[in-house]
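There is one chain below, alone, in structure tokens, taken in the form predicted on its own.
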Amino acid sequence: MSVRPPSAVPRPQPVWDDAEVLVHEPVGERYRRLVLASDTIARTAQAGQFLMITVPPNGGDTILLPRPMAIHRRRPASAARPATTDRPASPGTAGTIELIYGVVGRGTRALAMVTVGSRLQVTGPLGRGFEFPPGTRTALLIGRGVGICGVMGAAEDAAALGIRTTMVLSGQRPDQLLGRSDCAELGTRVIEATDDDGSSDLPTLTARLLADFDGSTAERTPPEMVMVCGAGVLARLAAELGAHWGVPVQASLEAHMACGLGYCHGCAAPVQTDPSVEGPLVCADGPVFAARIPID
């Protein structure tokens, strides 16, 4: 992993927003979907950026630190989302941001108790997200579990730019895969990989992707960009594919954060640096880094 060169596009200025909860509902057995009204963040957030959410007290239990969450979808007021077969339209006309999270600890258990109509304090958009180099025509996106949310913004940008994308949706079981309806809406081709049938096994998935893209037709040429968010093994897979195809790879890292703004210096990125110099931070220099495996 390495810090990417400075971007030609400046990051949006973060805001502190008292966002109304418009939708808060289960998604399968493991996740919850949270839609917040925040037109400023919906309009300015870049793909792969994240929010810090202050979780209100629950049953006398105070959650001291905010929770970082990737922005799954950005829906400015001028681009109201229509209803789909498996998801009702978001109420209201204000710009919205959509998050999907798993209930795994004290903070997310408290967040799961927040009701529609209440308000959450959010800070964002934060971090450096995904960027398509100029002239990109095709891309492979890879996500597992809620890591799929980290790359869905790249699928949104690709749809707007006319970039042809394929998304690997990985998870334990087919019913736990996130993002099917989003990919259908955005025109993103989907490859599903699950633990149940062994298709998410790393050698199996690698062979499948190589066979899929190393073809002789225009529709099956290697992608010009690989983007990934999820388990470390998937970042390694993306880097190996990028080395095989000779294309750049961007990987979104996950980390525990206390502030999300670079003040606390508590989320050091796993990037080799000079021992005398403080290393990069996931929140400020990422969460999206360049991933590369050199070929001898």
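Quick caveat: nothing in here was measured; it's all calculated off a predicted structure. Numbering starts at 1 and follows the sequence shown.
The form predicted in complex with a small molecule is left out here; the points below concern that form.
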item: In the predicted complex, segment of 141-149, 116-124, 156-164, 184-192 with a heavy atom within 4.5 Å of the small molecule; value: 141-149
item: The small molecule contact at P68 in the predicted complex, heavy atom, 4.5 Å; value: yes
item: Contact label in the predicted complex: M257 to the small molecule, heavy atom within 4.5 Å; value: yes
item: Distance check, P76 to the small molecule in the predicted complex, heavy atom within 4.5 Å; value: no
item: Residue contact check: G102 to the small molecule in the predicted complex, 4.5 Å heavy atom; value: yes
item: Answer option from L237, V249, A47, L253, heavy atom within 4.5 Å of the small molecule in the predicted complex; value: L253
item: Sole residue of S199, T108, T221, Q172 within 4.5 Å of the small molecule in the predicted complex, by heavy atom; value: T108
